[in-house]
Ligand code: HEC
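There is one chain below, alone, in structure tokens, taken in the form predicted alone.
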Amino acid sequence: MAGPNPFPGENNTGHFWDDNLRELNNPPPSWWMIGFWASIAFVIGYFILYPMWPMPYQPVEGEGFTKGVMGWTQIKEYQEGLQDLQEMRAQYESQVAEKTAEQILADPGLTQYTLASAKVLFGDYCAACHGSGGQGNPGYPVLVDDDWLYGGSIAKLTETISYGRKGAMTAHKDILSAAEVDALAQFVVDLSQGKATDEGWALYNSKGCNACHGPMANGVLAELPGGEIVTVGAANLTDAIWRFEPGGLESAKHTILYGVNQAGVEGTRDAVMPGFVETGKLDPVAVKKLVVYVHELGGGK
């Protein structure tokens, strides 16, 4: 705007728009200036104390930066924190290493530590198949119930996690007639519902199913005096828990026809668990932690 300033004495720049919009030339408030200079001082102090400025020349790869007079780095802080954590855990880790799984379970405090420590191991090595909470994924066993193919005792769990499992069931597609397959599958469904017939039991025994699933069809061949069971890993047919989803008549027929882990048989069920000691993935202490964790998930036996 040309001409006299219509707002004299207010320290404007003389630039006006739409008659009364103008640009003032006042200094910033004192608090703002104090904050401004304080931020500059902070940056200078930070520059002196901590690593900050990259350097073009790197005598050692990864160290091309100003170090700061305090010598602080994130990796050093991490290592110090890790050392503190390891020192805190050492007293518990030594007890876990020295004691048996049964002794750990008899100590509530040590049990809680072991469960917390094993949760990470379970997530890394077990959750992909058995689910993050042991609830099972399609085609893999549930660990939060009391249904165990090989037994849920400390000894059996240690054996399973250490050396793995590979069950087997013969494919009967070339052994049984279609009518026998239908009848046996119906018998399995009836068993799970508590209404098996004498005819079904007779067929079950005559076809040799009891050799693996046991005389009571519960997967137990014998029970030892100490409570351990003798089993080949055959499923318990008397409950409503199905090893292979979705379960029911058609699922039972499929398993009878094509078996489990039968080489060269198309359609056979795949059921293999790797051993974690033989492969070197876990040491005995880690296995012990997982045994305690899985035992507590399902109540163990």
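Note that the coordinates shown come from a computational prediction; the quantities given were computed from them, not determined experimentally. Numbering starts at 1 and runs along the sequence shown.
One more form of this protein should be noted, the form predicted in complex with heme C, which is absent from this view; the next part is about it.
The candidate stretches are 41-49, 64-72, 27-35, 237-245, and the one lying within 4.5 Å of heme C in the model of the complex by heavy atoms is 237-245. Under a 4.5 angstroms non-hydrogen atom cutoff, heme C in the model of the complex lacks Y113 among its neighbouring residues. Proximity of M169 to heme C in the model of the complex falls within the 4.5 Å heavy atom cutoff. At the 4.5 Å threshold, heavy atoms of Y163 stay clear of heme C in the model of the complex, well away from it.
The shortest heavy atom separation between I104 and heme C in the model of the complex exceeds 4.5 Å. Interface residue among G208, G194, G81, G227, judged by heavy atoms within 4.5 Å of heme C in the model of the complex: G208.
Contacts between stretch 248-281 and heme C, counted in the model of the complex as any heavy atom lying within 4.5 Å, involve A252, T255, I256, V260, A271, V272, M273, P274, F276, listed in sequence order.
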